[in-house]
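This document opens with one chain alone, in structure tokens, the form predicted alone.
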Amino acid sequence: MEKIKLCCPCHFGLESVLKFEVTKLGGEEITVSDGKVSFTGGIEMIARANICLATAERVLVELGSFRAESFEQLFEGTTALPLERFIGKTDAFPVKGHSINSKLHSIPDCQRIIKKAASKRLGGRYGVTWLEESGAVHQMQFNILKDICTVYLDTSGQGLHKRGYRKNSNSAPIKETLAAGLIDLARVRSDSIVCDPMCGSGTLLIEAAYKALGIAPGLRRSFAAQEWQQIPEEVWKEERSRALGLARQEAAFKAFGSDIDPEAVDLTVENARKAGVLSRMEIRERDVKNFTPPEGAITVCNPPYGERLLDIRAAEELYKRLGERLHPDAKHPCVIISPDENFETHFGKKADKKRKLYNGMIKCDLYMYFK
């Protein structure tokens, strides 16, 4: 069976988590670099990765890499790629990308050259002088880094953080893929009790439930490559069936969430219901100053960061209150993400371990307490 090279971008700091996920799925020749994990697999791996990966941002087919210090090299390198392996005679192939620290820095010009080269390659392979592009969309992406151009096809469409359960969110939601990474780093298992005293729209609790119950995060959505004629529909059916078979509905997992905002509580309930995990949760309105974690629970939290001065002071006071209510140890571990370099001072306890992460463009630390 022909092997396909795939690349999955992820949040900086979650590369090792994603690598473990890819390994479990059966990915081969796995390599890790900043913000991405690359691997190989058969055609079924495109479907499996999209449906099952919790921390990947999207699944890309890596068509190839080449040096591109001039537009001529960019054109020739693109025409050498096996585009017809995935792009059919009538398929659409829009182009987008970016360039960093490279001689070719004009994105519109690079898009135009790659589009022209791809048209020449495909026109030659299909024996036509005009490509109608009326079929399924095969989004081409390019990344030029230090004069090395890599060209991809995006199989996901919407980013993989779009699980389908969070149509609405509060003003500062954590991305589902990052939340899944936090849950993995918190070592949530099938029999875990998880709580979040500032649950917002419920993302951390829902991702904890998905992890514990073995629910594939992509089961409730569709993907761009489902429309590709190059991937048989049966492959998608088989991989969805495979994912469903791995679910652990008998797991003893339980989650407790609370928030001082009644609208956040209602939002968490609504999203958990859409995600199909509300029966595993108890959600209530409560100020963090009245919070006490359940016996044996893992506390996972994404407290407000604060951007303006008054907000920052309020956030610091919140960290202090949280520290007064939490007494983490081996039986009551706790993980909290924050960009505040003085978080431990406000919280009142030095973390047993810290891990650098990025929440969007915000540099954060994951403060981990487990001793």
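Given the structure is predicted, the values throughout are model-derived calculations rather than measurements. All residue numbers refer to positions in the sequence shown, first residue = 1.
The same protein has a further form, the form predicted together with a small molecule, not shown here; the description that follows concerns it.
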{"item": "Contact test in the predicted complex: Pro303 vs the small molecule, heavy atoms, 4.5 Å", "value": "yes"}
{"item": "Close approach of Leu318 to the small molecule in the predicted complex, 4.5 Å, heavy atom", "value": "yes"}
{"item": "Any non-hydrogen atom of Leu213 within 4.5 angstroms of the small molecule in the predicted complex", "value": "no"}
{"item": "Distance check, Arg286 to the small molecule in the predicted complex, heavy atom within 4.5 Å", "value": "yes"}
{"item": "In the predicted complex, segment of 243-251, 216-224, 203-211, 113-121 with a heavy atom within 4.5 Å of the small molecule", "value": "203-211"}
{"item": "Candidate site Ile4, Ile46 and Val61: all three near the small molecule in the predicted complex by heavy atom within 4.5 Å", "value": "no"}
{"item": "Proximity to the small molecule in the predicted complex, single hit among Gly276, Pro173, Gly97, Gly88 (heavy atom within 4.5 Å)", "value": "Pro173"}
{"item": "Listed residue that, although the small molecule is not shown, lies within 4.5 Å of it in the predicted complex (heavy atoms), from Ile260, Ala297, Ala136, Leu81", "value": "Ile260"}
